Ligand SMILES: Nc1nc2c(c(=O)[nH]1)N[C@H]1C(S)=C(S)[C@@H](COP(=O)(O)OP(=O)(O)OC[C@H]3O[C@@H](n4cnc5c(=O)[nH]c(N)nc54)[C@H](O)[C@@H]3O)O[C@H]1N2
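Take a look at this single chain in structure tokens; it is the form predicted alone.
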């Protein structure tokens, strides 16, 4: 038996793992205690990767669905030849606009697949590209473009040195921290508190991260983060607590920022956000007067209606208090390549007049919430869809409409580990390698690592059965289409050109990286370089109130939403997403070891006060209705939720995925059926879907 160093590909930190290998079989995973960054930390989701690798329900051979809806094994050559012929016929008859693609979250953790995806789509002429990013984090790219001139500049909190840490919409104990690659966030937070730092969380739920020694939760109403941040900035300006020198030297449109936040003072926003005005002022004063303060925002705020504006105000809060590019504040993480420069763009050029009004692409992607519309009635409509490591049936709102759309396609091809809920509708389901069957580099967290490092991993074991890496499948399709393919050079092409180029910026070679068993660690977060080296605006200043926000109607929309919230019935319920330790989006639902008592489904969580007022009790079967759909779920009382807030975990709903036997045995409820879809269901600035703070009603189910 051998122990092979590798790293996790579930989320951004890429924690070091040791793979136990017998012959050519992966038999176990454990944390790598000798890893220079994660130092023996790994969560159980990462360790469950061995269960996914060995799962007998994995898709191991190419499969083709017949006219009766039954899947049968087909050879790779035959499958790829038929797919290519059908794609070519559709392109020739209807043009490349008849072909679309959906790219799922796992592709962000697959270094060598990305260039092949780009080559495949580019050579086919496919521009109708959708992805999970618009259900998750697109607003952060949009805000960074507008404020810093690049989609890839995301200053991270310097927890080790800060005196005050403000965390918005995140739960480090359960789901780590998105856009902040840190192996053990709660451990770092506990150390900060022990040395005297103040830590505060803004969240509708009294999250698991609130514990003795880890900070305090201020429970606000869902989807109101932007108004809390505006009230904090208004207080800071009104009371003269801003760092005028930092704003003068490094800010642009500061007067416009002041004018915007002036409308959202604590007294005005308190009834909407559900936090007393005095408390809002205290939050502002404590942050502004701390010697060193840092702020970070995660997915809970991303998924609201105004995630881009919230992330904008996070950045200007840091600048206005003098904490941007200061030790103990928010800093850029250089890593092995200056990613901030790679994402430079003019966001105004991404907007265009489309069939649904003003539209945009965000890092190449259109709004995922429009995918079903574009299949069912686009101009021209999408007739073929290639889904790569994605599950739009469960990931996007409106499951029934998405199923109708996918069932009406002329061709649906899915590349994945399983024949999941989306794959069950496919004409072809193609088996992909998992993270331990391919070489890789921890590219995802680049520019956002708390301890910057780069690590190479070879494939730990050869691919099982007929699994193939995504890059190979796409390059073979290009060959079948008589287009340029990396495989034209031979069966084992060199795919490392981009990586080699990136490494040269740190005077590293691929050989250096391969020979370093556990990677190369760089200096930590560096203050003093942000405005000289990393910001990408033309004048090297932070745009404190981007003109784009006014021109695209976001400023007026912010006020309209405020008035809408102000007029709401105070007894109304709002649905938020609930992160749990045993699941990760729609991943891991077929892992038997994670189906423990109490985690066999995804009940609706409700504050006991809200349940009593509706005559509901623990364990009741309830019907949840929104303006867009309804679901049934078991009720679970949860006093950690703010009154007026209910919560469900997304990613469930596997009733119609028979090839995933464990998931189908414990299918749960697809909470995304309650979400809005189609035009007006996403934030125009970023294409980010509206997925939290959804108005719903809850009552006893009939019978």
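Numbering follows the first chain given and starts at 1. From a predicted model like this one, the values you see are computed outputs, not experimental measurements.
Keep in mind that the form predicted together with the named molecule is missing from the display, and what follows is about it.
Enquirer: Could you tell me which one of 104, 603, 149, 445 places a heavy atom within 4.5 Å of the named molecule in the predicted complex?
Expert: Checked against the cut-off, the match is 104.
Enquirer: May I ask you to choose, among 503, 314, 220, 366, the residue with a heavy atom within 4.5 Å of the named molecule in the predicted complex?
Expert: Comparing distances to the named molecule in the predicted complex, the residue within 4.5 Å is 220.
Enquirer: When the named molecule is placed as it is in the predicted complex, which of 271 to 279, 624 to 632, 89 to 97, 105 to 113 ends up with heavy atoms within 4.5 Å of it?
Expert: One stretch meets the cut-off, namely 105 to 113.
Enquirer: All three of 6, 154 and 181 touching the named molecule in the predicted complex at 4.5 Å, heavy atom to heavy atom?
Expert: Result no, not one residue of the spot touches the named molecule.
Enquirer: Examine residue 289 and determine whether its closest non-hydrogen atom to the named molecule in the predicted complex is within 4.5 angstroms.
Expert: The answer is no: residue 289 has no heavy atom within 4.5 Å of the named molecule.
Enquirer: Tell me, yes or no, whether residue 45 is in contact with the named molecule in the predicted complex, where a contact means a heavy atom of each within 4.5 Å.
Expert: Within the cut-off, so yes.
Enquirer: Does residue 392 make contact with the named molecule in the predicted complex, using a 4.5 Å heavy atom cut-off?
Expert: Close contact exists here: in the predicted complex, residue 392 approaches the named molecule to within 4.5 Å, heavy atoms only.
Enquirer: Wondering, does residue 330 line up within 4.5 Å of the named molecule in the predicted complex on heavy atoms?
Expert: Result no; residue 330 lies far from the named molecule in the predicted complex.
Enquirer: Of 268 to 305, which residues get within 4.5 Å of the named molecule in the predicted complex if you count heavy atoms?
Expert: Heavy-atom contacts to the named molecule in the predicted complex: 298, 299, 300, 301, 303.
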